[in-house]
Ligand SMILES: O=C(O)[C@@H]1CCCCN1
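Take a look at this one chain, the form predicted alone, written out in structure tokens.
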């Protein structure tokens, strides 16, 4: 029998990706430890807060295919945990009509038979009287998109993991990783040995990988998460069927601007810029750049006349971004029994269930059901010799 410090699998990081990975490993009868450096629940990383968008509106076919499976797994988790994790609202996508980014998203959804409704400038106002479509912009609604309940998700997945015999140890920071046929993981509270290690530590990934001899081209950025108050209560409320939305680009910014209907805070709409300022995850609160908020103020005043153009609440979140905005889902280049899930680039939450399945497959030496070539570490190696 294994001792209390020996495991089949250890997962570092109890955000959405790590939690779903640990759950999948426990489901496959592996003795699994999930380590988290902060006391759970916490708001220091990328998985906190009440809501996230779930959608298939991507340019790439591989993300649409992954989301097909992810939707099924979200439904499965809802049934297992007996908790509602998803609310269908639709996703309003807006962008310059002749813009390549906007057109590719629309064509990808049409090609993959994703239910959608195309709007015209003439009928847009009938559907969304409280939104002003920019001149020269077009719009469509992805009908099956909606809201994921983030905090509720973490609690549900971690609860199911523990029901399967999984062990969670929070407030336990990893201080050293020693690779080998048995990986030794030292923490602030003890030492563990495991046949397989999965690193899903978000912004702290590279700090952990130092011990294993590589660094990934990951950039940690702080995002201001802004909530904007309605002038008339209920104008943009989820209960009034107001959708999530995404502007691919516009005169305010070449970066995406996205939002969710009033839900978390009564009478407040969540609207954020999909970009931020570089930061150290351990010094996050010292980052005070508000240029993104100024961009959002211009956007809100032009496009959402029913909202006050000064944010009522500003919170923060961390993105861990790769150069191409695609994930890292791969074995360590030198150690097959170490698997890395990283670089979710601010759009990974919705993929949590399918990423957990993929990282579990990789850790157990099984072949995932998806082509992982877009997510391999080797795509960076030609430019970064420290990955070799």
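Positions refer to the first chain, counted from 1. In this text the structure is predicted, and so the values were computed from the model without any measurement.
Although it is not shown, the form predicted together with the ligand is what the next lines describe.
Self-check item: Interface residue in the predicted bound form among 258, 128, 71, 140, criterion: non-hydrogen atom within 4.5 angstroms of the ligand
Solution: Answer to the contact question: 258.
Practice problem: State the residue from 193, 229, 155, 274 whose non-hydrogen atoms include one within 4.5 Å of the ligand in the predicted bound form. | Solution: Residue within 4.5 Å of the partner: 274.
Quiz prompt | Site check 326, 370 and 374: each within 4.5 Å of the ligand in the predicted bound form by heavy atom | solution = Judged in the predicted bound form, none of 326, 370 and 374 sits within 4.5 Å of the ligand.
Practice problem: May I ask you to check whether residue 30 falls inside a 4.5 Å heavy atom distance of the ligand in the predicted bound form? | Solution: Result no; residue 30 lies far from the ligand in the predicted bound form.
Quiz item: Is residue 53 close enough to the ligand in the predicted bound form to count, meaning some heavy atom within 4.5 Å?
Solution: Output for residue 53 is yes: heavy atoms within 4.5 Å of the ligand.
Quiz item: Can any non-hydrogen atom of residue 49 be found within 4.5 angstroms of the ligand in the predicted bound form?
Solution: Looking in the predicted bound form, residue contacts with the ligand do not include residue 49, since no heavy atom lies within 4.5 Å.
Quiz item: Is there any non-hydrogen atom of residue 65 lying within 4.5 Å of the ligand in the predicted bound form?
Solution: Flag for residue 65 set to no.
Quiz item: What residues, if any, in 228-254 have a non-hydrogen atom within 4.5 angstroms of the ligand in the predicted bound form?
Solution: Read in sequence order, the lone residue that approaches the ligand (within 4.5 Å, in the predicted bound form) is 246.
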